[in-house]
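Both blocks below hold the same protein chain, though in two forms, and each is given as structure tokens: structure 1 and structure 2.
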Structure 1
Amino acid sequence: MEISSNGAETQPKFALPVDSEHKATEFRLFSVAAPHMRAFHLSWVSFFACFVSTFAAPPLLPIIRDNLNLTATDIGNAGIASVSGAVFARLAMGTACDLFGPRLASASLILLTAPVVFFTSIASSPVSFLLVRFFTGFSLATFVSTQFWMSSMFSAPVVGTANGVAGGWGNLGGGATQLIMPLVFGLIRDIGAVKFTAWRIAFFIPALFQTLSAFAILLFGQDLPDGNYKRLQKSGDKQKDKFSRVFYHGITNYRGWILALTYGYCFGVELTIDNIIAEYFYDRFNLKLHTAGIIAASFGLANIISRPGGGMLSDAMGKRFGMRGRLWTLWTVQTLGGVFCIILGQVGSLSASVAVMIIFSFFVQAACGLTFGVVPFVSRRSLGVISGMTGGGGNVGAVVTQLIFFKGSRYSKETGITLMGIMIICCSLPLFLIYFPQWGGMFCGPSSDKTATEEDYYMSEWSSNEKDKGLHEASLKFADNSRRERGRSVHSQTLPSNATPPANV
């Protein structure tokens, strides 16, 4: 709990060491010091709550499907609906964070979707069930505000860890809910409620949790280390970029599209499994609801270390082998995830299924963490848009996968799982196409062209007009820092040559 202040100015003291932007340079998990660690805990807990709500229905489906007279098609449609809302919500959330700050943006979304979770208790037909799952799914856009908030609060050396842990621990909600909901349901039923009423009462728990977490964000959180957006914009401390330019440079970067596709086959697969796995174990192995919930939960619970682990692995690979190392590791881990997915669909015994599922979960979730080890480098100006595209792509993957393999009765669940594994392997291949002129790609080294430097890459996002106005300064700083992505052996060679091409005056 040392206080470290910048000697040059009389700054408010922070509990953690900070850099010149007042972003924390250390990540202390067990601290709740304002504003950095407090923001971390608020963001992961609220994201966790949204995951709990979005996936609260799947573990109780064996009860709900009888109460609402659902067919397998209805269930499949609702599952697809639950992850499709967030596709565009994630894109929109990036913009909202830019305009209003992550605190207001995320709290508003959470409080606007909480009523839908309450209304799940009064669903009475397949249509109403689909609608509540659709609108509840919008809350998964809090992923973007979580990552945005962490990037605003934590400096480069720890931002990967902060993002990975916040993202991973939020995703935990998808696993925890498979444990929580059957437990709550069981308690309420044992108190005396009938099955078809007990599940309805059970939904109040995630709804209340969500509401309370939003209140906590509004009461205890702040957007930036120095304060909230409104105040900083008034005092002129925050620059505003043009939305249209930011958007344009994001969507015209092909790497963003490739990552959106591949994220669809790690995170999208994770969402799909969250939706189908409890029912799969319940039906295939004739387990009790409670037991199926526990097994299904272990998939999502692996997030506690697997996603952060992926992020840390990406950082370690990046340090030694640069961007090429990050890409190779991402491809390898994600492809192995696909292999284990194929095996999961093939094994027929309960213990083997559980074991394979746990191994599969590690690889698939680590791939998510590894993806967001590459995303920050794709664009500096349009980081929000690229993150939103990738995040949204994850949900598109979940929608497409459930539509093709898990809707209705065309494929048995085990066949669907095997086919999904094959699709993971195929959709990870486009990673081979990602190429950074300054760092190379999976098969090609960096270009020997004189104009292939970090500065050239990041400056290409600014027009000469904008450069004249000096709007590109932050990107230049970032380009310099990103030279680490050349890898250790190359980096030490380039150090002596301090001739950073003067792209501007």
Structure 2
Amino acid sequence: MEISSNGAETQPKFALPVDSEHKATEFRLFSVAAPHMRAFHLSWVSFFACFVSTFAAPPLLPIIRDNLNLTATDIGNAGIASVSGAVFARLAMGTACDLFGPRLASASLILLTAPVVFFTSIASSPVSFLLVRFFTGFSLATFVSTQFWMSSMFSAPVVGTANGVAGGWGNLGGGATQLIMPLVFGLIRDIGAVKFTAWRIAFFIPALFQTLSAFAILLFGQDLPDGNYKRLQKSGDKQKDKFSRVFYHGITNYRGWILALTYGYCFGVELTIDNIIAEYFYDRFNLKLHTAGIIAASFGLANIISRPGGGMLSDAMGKRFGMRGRLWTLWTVQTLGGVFCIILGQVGSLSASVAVMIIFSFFVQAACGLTFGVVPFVSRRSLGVISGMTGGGGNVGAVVTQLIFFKGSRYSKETGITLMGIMIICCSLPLFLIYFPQWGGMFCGPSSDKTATEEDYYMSEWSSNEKDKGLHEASLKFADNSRRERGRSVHSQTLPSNATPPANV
């Protein structure tokens, strides 16, 4: 970002075109320009590091279970623990982002959880193994700061793409760790360490990676296009909001709860698969550890295009059909994901299982990207809380699914996968209930009431007293920039005559 002087005023000059909030209206993947694209790369790399740490154990479970004498129930409990810790952490992270900014919130959590990854190397019992997986899982709450950060840096036309790529590339850690950890383990063992020592040393790699990513955020990151929260609040350019009001407007918005439920059965399913898939292929098809790891990795590695593709599809549908297009596409893709999940549980050959798993991964991960194409529009004032609720819902879905279908030996893994697919289809149905007065819902158009505008929707989060103090101005700008969610034809009819396209400001 450059600073240029224009008469008596000094305004920021950005490398990307921006809107009235200085959010980028273009997404340039291979740029590292500050602050927009730099924030993008810092967010996905740090989230990637946390994903690698959280799921570093599953690809080594055949070794760890022999060393620590883990039963099937112990392994199931540890898998549940790894995703349950982030449920409340994600909600807390959303509130922290609203109040303190995504930079400090994410870096603090990463640094707090990194020591736990180091401690995994000294786990000596089923209980200690469960505890380190539980506390390491807290780091997955950085997903919320990632999505919040992207929603703060990118405007409506590209926010789905930015959220999808950042979240998808971060989720790649779940697939990459299936390759990284067996490779690191093999190298350490070849150097001379016995296998029960090699797996312990291997955990130092993800722990160090996670720590370095946090310092990178603190050194190079920026909360908003115009600067960090603390400096903006000190200068008076950003008002400090009240926790009680931010939290209230978040948890009382029913749209956030529906998205939390549906996200529980796209991202929650992804977390579940990350925990079980390597062991599933290893045991069912009698594969070598490294081979099972490669197959399992293909599921997570699909995120390189599937989740970003979901975000891009959401933006494309939003541009053409408005919010209603985003909602219909989300429901369609997630339902198809459920169908392929059912098929995955039914096929019995190795080649067919791998093929169906890859197809299934594209749909379930694209649904994640599509979800966060909708989330930024649910609330402007409580964006962090809504993001936290939705993200936390993903972890709740993973916990519930693993408790019901993959804990102990009640169901075989293939039966559990089939039943999980049915749950995906059922839990996608509440999307029919989401309705925005200014844009409509899946079956209904926008309200005919003259007060059903973007301004009315986002201003309803502010009291008259707060408006008198000018606290609502950012929401007012956001409302104006979100008019595109009416769809192409409606937006072109209602665009003010003096409207101009975004320019470098």
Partner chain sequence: MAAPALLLGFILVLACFSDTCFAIISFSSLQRTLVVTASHPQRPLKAGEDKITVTWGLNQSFPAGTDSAYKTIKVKLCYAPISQVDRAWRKTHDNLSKDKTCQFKIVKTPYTTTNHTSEWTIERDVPTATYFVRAYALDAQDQQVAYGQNTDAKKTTNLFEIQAITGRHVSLDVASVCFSAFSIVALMGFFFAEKRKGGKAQQ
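For the two forms, the rigid core is made up of the largest set of C-alpha atoms that agree within 1.5 Å on superposition. Residue numbering: structure 1 sequence, from 1. Since the model is a prediction, treat every value here as computed from it, not as a measurement.
**Student:** Give me a 1 or a 2 for the form predicted together with its partner chain.
**Tutor:** That would be structure 1, which is the form predicted together with its partner chain.
**Student:** Can a Cα shift of no less than 2 Å be assigned to residue 31 between structure 1 and structure 2, given superposition on the rigid core?
**Tutor:** Indeed, residue 31 is displaced by 2 Å or more.
**Student:** For a quick test of reading the superposition: does residue 103 move by 2 Å or more at the CA between structure 1 and structure 2, rigid core aligned?
**Tutor:** Yes: residue 103 shifts by at least 2 Å between structure 1 and structure 2.
**Student:** With both forms fitted on the core, give yes or no for whether the Cα of residue 148 moves by 2 angstroms or more between structure 1 and structure 2.
**Tutor:** Result for residue 148: yes, a 2 Å-plus shift.
**Student:** Core overlaid, residue 191 C-alpha shift between structure 1 and structure 2, how many Å?
**Tutor:** Rounded to one decimal, the shift is 2.8 Å.
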